[in-house]
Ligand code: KMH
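One chain comes next, on its own, written out as structure tokens in the form predicted on its own.
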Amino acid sequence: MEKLIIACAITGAETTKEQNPALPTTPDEQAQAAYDCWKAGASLIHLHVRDDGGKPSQSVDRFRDAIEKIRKKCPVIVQISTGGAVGEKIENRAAPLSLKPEMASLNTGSINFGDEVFLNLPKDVEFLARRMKELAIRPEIEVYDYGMLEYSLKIMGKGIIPNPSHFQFVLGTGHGISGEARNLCRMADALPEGCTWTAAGIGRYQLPVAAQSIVMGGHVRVGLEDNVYWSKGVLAKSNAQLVERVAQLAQTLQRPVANVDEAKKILCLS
């Protein structure tokens, strides 16, 4: 079994400081959060950025500032979001790819988010995939439901996304697939040989999905983007606290945690 990659989604597009004051929203706060997560065991940071008012942004300058400050503090893999906020134009979502990060998220289907629709039309998915390929950026295929997984495998067969690819299963959003154990097994079993995967459990699925991923040979994502709580009714103190818990769980389950160089090898990053 490969060593465990711990990814941390430190900010997101929907979470607010009102929900959890520990949420990092400025480049300086994000750099410190990334450093603390790296020290706790994370090797990959999933990055959204915010404007000066704390609202979601796809500003290239803001991404550049955050990435540069993160890299000055620690050697983590930086994976930028091309999802942006709900309703963001596809051109704006693609713009930060010009910075040529090591990885970027690629959402492969539309889904309800609260009372809104996170829209990912097939033509837009293919546009983002082609742009990543042009810039030699490794995509992480974001999957919220089984239909998205089947579509991802379909376009993989057409060469639109790499084969093998790295997948991110997000379970328990309330509008996609739930975090029940059978669902994670089914999705992981559907992947072609050579593909790797990470899972994130939302809400009450946070810990069960992490534990199941560890023992199944997958990888784990945590962070304040996905969960602002440490336990029911108790806010997490930081992103690093969530990372540290998964690292301790992996130690208990006798699966070593990957460092950055080991994670790059697992994810086929140069």
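Residue numbers here begin at 1 and follow the sequence given. Note that the structure is predicted; figures quoted are calculated from it, not measured.
Heads up, the form predicted together with (5S)-5-amino-3-OXO-hexanoic acid (KMH) isn't pictured, but that's what we're talking about next.
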Exercise for review: Verify the contact flag for N107: yes if a non-hydrogen atom of it lies within 4.5 Å of a non-hydrogen atom of (5S)-5-amino-3-OXO-hexanoic acid (KMH) in the predicted bound form, no if not.
Suggested key: yes
Check your understanding: Taking 4.5 angstroms as the cut-off for heavy atoms, does G84 touch (5S)-5-amino-3-OXO-hexanoic acid (KMH) in the predicted bound form?
Key -> yes
Review point. Would E14 sit within 4.5 Å of (5S)-5-amino-3-OXO-hexanoic acid (KMH) in the predicted bound form, counting heavy atoms only?
Key: yes
Check your understanding: Hey, in the predicted bound form, does H48 get a heavy atom within 4.5 angstroms of (5S)-5-amino-3-OXO-hexanoic acid (KMH)?
Key -> yes
Review point. Do all of F113, F118 and E142 end up near (5S)-5-amino-3-OXO-hexanoic acid (KMH) in the predicted bound form, with near meaning a heavy atom within 4.5 Å?
Key: yes
Check your understanding: Since the chain is shown here on its own, which stretch among 40-48, 228-236, 23-31, 208-216 would lie within 4.5 Å of (5S)-5-amino-3-OXO-hexanoic acid (KMH) in the predicted bound form, judged by heavy atoms?
Key -> 40-48
